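Take a look at this single chain in structure tokens; it is the form predicted on its own.
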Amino acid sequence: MEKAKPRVVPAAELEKQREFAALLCEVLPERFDGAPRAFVRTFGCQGNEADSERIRGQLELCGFSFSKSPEEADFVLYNTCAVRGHAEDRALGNIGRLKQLRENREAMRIGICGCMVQQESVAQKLREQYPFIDLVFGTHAVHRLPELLYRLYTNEKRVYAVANSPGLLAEGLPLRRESGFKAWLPIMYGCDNFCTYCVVPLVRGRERSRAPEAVLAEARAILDSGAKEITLLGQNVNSYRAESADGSPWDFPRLLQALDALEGDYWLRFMTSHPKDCSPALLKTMANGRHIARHLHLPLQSGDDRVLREMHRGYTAAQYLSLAEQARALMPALSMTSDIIVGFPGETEEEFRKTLRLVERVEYTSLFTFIYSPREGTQAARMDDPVSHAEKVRRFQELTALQEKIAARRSAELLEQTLRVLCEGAGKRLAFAGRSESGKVIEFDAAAPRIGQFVRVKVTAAKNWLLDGAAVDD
């Protein structure tokens, strides 16, 4: 089915936000005797990280500088996640610890944004039980941050902006990236899959893809800045559908090919990739790419067909396994990672064991495993769930133990091999740490600082998840 064209925030609206930012640049220095300091903390996924980069960019436009801790900040903003109950509990616990700071500093203001507060029940809870929170805005109001801040600092009242929306695209927002050599690049927002356990479509809105010209322009700017890795983001990047200015249709493989054609020495990654839309064209594009990392994150969630149907995933275990085999046939060195939910409502022991058997067949490099967490408003939250939490924990431990054995075996296969590694910073045990093309974390010694650069590293020791090595191109 053809997707509707996304609603784009009008240029006049963005100009209005820039005017609010200019006003704040006049108002705030008088109140704070100089530039106020902001602190932004992000909970959740890479999509939230990308949102926070745009939030920091707007704060900078409004005249804020940045602190390294809430204690040093005049404005604290927590960007929250709603994908699991644990994520919400963690965010609320951290928010609660800000109360004393707020009471001791009259001029301090606290804001909460993101997926968690886009839920009506959570927004109401914050309004009633957290009176020290000054600003609350959801995922659909990020581009309005200058206006919301202006209202906060001129009216001295709590500001809420959590209205639901099918979703908008706001191009041209200012950015402040945390890394000079790694960049998140959102290509689409929202989700149309409505998996029965997932709250994302309810808090992020429907799927909407950025124009290819906008994505390519941002990618060129990232590479021109010296970045060595770009990660394309979307709740399901395989669903990317857009039209270029000349009206020609673009899908994800075409966009990936165009990005891969850009000149430079860099890796191109993407996530998350939904199995039901993972096409042969995409796998061939990966295999033929010059810069595309040989790493595929392909969430399985369950290895049982009945559970997959209940989850509304749109594929069978056999179809998933066929995809994995096709990918490995085209790219023998491909690293695969996945997400798996343990204890989905009604999951039987035999259904769980089918998941274990499929994990053994695919041999993932790593897994992101979760015990099912009911999310208000989703279909699964209304399903019967007879399995005890203790039993779910047992299954979770069995799955993680299996994956640890697989990871140890796959890591051991890399001993004495020389890998290309992007050096990301200092190591905890050895001088430096980075990631290989497959996403493996490796710590290594080198004669000279190489942070932000590619390094050839020979693997000298292998653990379940980590590798040790030594640079061979000093």
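All residue numbers are counted from 1 along the displayed sequence. Everything quoted here is computed from the prediction, not taken from an experiment.
In what follows, reference is made to the form predicted together with a small molecule, a form of this protein that is not presented.
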**Asked** Considering Ile187, Val83, Ala324, Leu308, which brings a non-hydrogen atom within 4.5 Å of the small molecule in the predicted bound form?
**Response** Val83
**Prompt:** Which residue, Glu103, Asp339, Asp89, Glu363, has a heavy atom that falls within 4.5 Å of the small molecule in the predicted bound form?
**Reply:** Asp339
**Prompt:** Does Leu175 reach the small molecule in the predicted bound form if we count a contact as any heavy atom within 4.5 Å?
**Reply:** no
**Asked** With a 4.5 Å heavy atom cut-off, would you call Gln379 a contact of the small molecule in the predicted bound form?
**Response** no
**Request:** May I ask you to state whether His295 is within 4.5 Å of the small molecule in the predicted bound form, using heavy atom distances?
**Result:** no
**Prompt:** Hey, in the predicted bound form, does Trp250 get a heavy atom within 4.5 angstroms of the small molecule?
**Reply:** no
**Message:** For a quick test of understanding: in the predicted bound form, does each of Arg313, Tyr372 and Arg375 have a heavy atom within 4.5 Å of the small molecule?
**Reply:** yes
**Complete:** Given 194-202, 251-259, 387-395, 159-167, the stretch touching the small molecule in the predicted bound form at heavy atoms within 4.5 Å is 194-202
